[in-house]
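Shown here is one chain on its own, the form predicted on its own, set out as structure tokens.
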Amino acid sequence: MCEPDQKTVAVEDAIGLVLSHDITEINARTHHKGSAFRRGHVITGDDIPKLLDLGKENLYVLEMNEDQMHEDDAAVLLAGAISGNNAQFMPEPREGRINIIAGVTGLLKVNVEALTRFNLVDEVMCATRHTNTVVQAGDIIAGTRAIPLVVEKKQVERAVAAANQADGLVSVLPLKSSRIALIITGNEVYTGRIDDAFEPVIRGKVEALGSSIASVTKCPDNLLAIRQAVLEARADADLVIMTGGMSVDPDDLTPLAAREAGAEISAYGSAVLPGAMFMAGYFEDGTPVLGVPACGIHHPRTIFDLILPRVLAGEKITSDDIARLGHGGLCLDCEECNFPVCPFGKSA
């Protein structure tokens, strides 16, 4: 770690000197932490009592050479390299740290491998939210800083290069406002023997992400009927969602009907609980089709909640994507669901 040249100056002798770093104040009564004096502040006689109250009987005056950089200057360079598309920051560090915020509402994408390479560089750091998290415009998505007060320029340059190779470590994909066709299968619903419980669940989750249900079709457990419903739904939809009929029973025909309607199934079955019978596929024109198993009715959160935002952000879901969800893909069925502030769907 870089050891800066510094000399100690008694507070009473510091009048007229310029602070080279922030001085933090912590109020035990209000639990507030902030800068009492900012870097660049010129010490005056009126400041002396306050500094003494903060326990600052001496101040450091730094003397940096041309191969060194102040933590604030380093933070600005690091934040600029970390910020990808729709990620913004204010170039005014607070106590050496800069927060990076989402410029739009959308899906946070973190280049995890590049982030690891960045954090392997000595004297710098970056912490982020989990990748594939839905964020709102203005949310903090990452924070960065140099660790010492004075950092070697070569370390900052190495970290910046690592981030630049990935076109930034964090970015936000806007969510598309999509027209969604919902196809509900099952003789029991089609004949009216039971009330459909899927539509309100799917509608609520879709609308919460800024999209809408354009049509709802109920089908019996009949291959030709489901296939025809899919073909008709595709004509005026950006996404087709199919519910029910995803199990292994003889009457469960949803995946087969999607295939016969022209979809190429990229994943059937998932490494997530609840949601093991989930299906994802695409038609030739790129229109996605998702199959939601019956657990989507009974559980507040399933694999559907993990995949839907990614589809609305324009990502093409592969079998590899589904397989990777196994790490962190076990819902704990908490008595009070706090998703997404929980481990579900998040990996290290």
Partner chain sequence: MKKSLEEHLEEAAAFHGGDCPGQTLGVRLARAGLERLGVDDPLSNQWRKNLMVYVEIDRCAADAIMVVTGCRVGKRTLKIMDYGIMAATFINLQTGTAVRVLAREEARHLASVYAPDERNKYEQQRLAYRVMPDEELLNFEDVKVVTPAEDMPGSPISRVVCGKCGEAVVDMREVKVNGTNLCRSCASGGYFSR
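Numbering follows the first chain given and starts at 1. Here the structure is a predicted model, which is why all the values come from computation and not from measurement.
Quick note: we don't show the form predicted together with the partner chain, though the next part is all about it.
Heavy atoms of Q228 reach within 4.5 Å of the partner chain in the predicted bound form, making it an interface residue.
By the criterion of a heavy atom within 4.5 Å, A276 is excluded from the residues contacting the partner chain in the predicted bound form. Interface membership of Y268, defined by any non-hydrogen atom within 4.5 Å of the partner chain in the predicted bound form, is ruled out.
Contact annotation for L224: at least one heavy atom lies within 4.5 Å of the partner chain in the predicted bound form. None of 190-198, 239-247, 155-163, 118-126 except one has non-hydrogen atoms within 4.5 angstroms of the partner chain in the predicted bound form; the exception is 190-198. Of the residues E207, D167, D139, E260, just one reaches the partner chain in the predicted bound form with a heavy atom at 4.5 Å or closer; this is E260. Comment: the partner chain is not present in this chain, but in the predicted bound form one of G143, G80, P220, P174 has a heavy atom within 4.5 Å of it, namely P220. Of the residues in 294-330, none comes within 4.5 Å of the partner chain in the predicted bound form through any heavy atom.
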